[in-house]
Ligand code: NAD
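Okay, here we've got a single chain as structure tokens, the form predicted on its own, with questions on binding and movement later.
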């Protein structure tokens, strides 16, 4: 009697979850926007799972170099940094090509780079709209277009787009961000369908509010703006849409990203996975 589903290979399946989560040794990953916050957390988790990594982003060069060095030494993997501007397609193409030269063609691509601006639609600056669409949406298209052909040729790849709860629902005054994140989810679905028979998956992770230095820095500003103490701002302003009333952690998002890169997630593709404390369950 046949016990293996058609189209599957039982011999390739990991024996258990622990084995699967260390199965990235020999893989290489590009993580955009990874010199801090969620992107850095994902890069750390991938390196801890055995993947070589290209970091990307701006910041103090000495601090970035120290982060790169620590990651490489802690996990025994190659780690490089690219300062590519994610609003510029030629720099994106160069980053993907340089990664391939140093570490081999990318097996894993995590599109995390993003910026935000909050303003009413009638006064939303056109330059901010263009920049947010370029970095939050168009950059993902350009990285995928550059990295996907090699994944397809090898018959294995993982593309993860960091979207947002705002890719599933809207909030006032965030027209460009909401439009871009909805677009990211649409792009995710199209790539998943095109890659469905190529061993390449494409998924979007949709975080709610995640505790990062950027969010922490907003609390005092919000407290002053609303005339409220910090704890009230956290609970009643920032976390008001999030039923758990707690921030997700960078480690939670990173663990989900790593799982999506394993063979245990081979059938998960074209999804928008909320990690939002129940925000979009309403």
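Positions refer to the first chain, counted from 1. The structure displayed is predicted, hence computed values, not measured ones.
The discussion below concerns the form predicted together with ligand NAD, not included here.
Residues within 4.5 angstroms of ligand NAD in the predicted bound form, judged by any non-hydrogen atom, belong to 207 to 215 and to none of the other stretches in 145 to 153, 193 to 201, 207 to 215, 119 to 127. Among residues of the shown chain, residue 181 is one whose heavy atoms approach ligand NAD to within 4.5 Å in the predicted bound form.
When ligand NAD is considered in the predicted bound form, residue 163 lines it closely, a heavy atom lying within 4.5 Å. By the criterion of a heavy atom within 4.5 Å, residue 79 is excluded from the residues contacting ligand NAD in the predicted bound form. Residue 110 falls outside the set of residues with a heavy atom inside 4.5 Å of ligand NAD in the predicted bound form.
Comment: ligand NAD is not present in this chain, but in the predicted bound form one of 115, 93, 100, 168 has a heavy atom within 4.5 Å of it, namely 115.
For the partner-free chain shown, nothing in 248 to 282 comes within 4.5 angstroms of ligand NAD in the predicted bound form, judged by any non-hydrogen atom.
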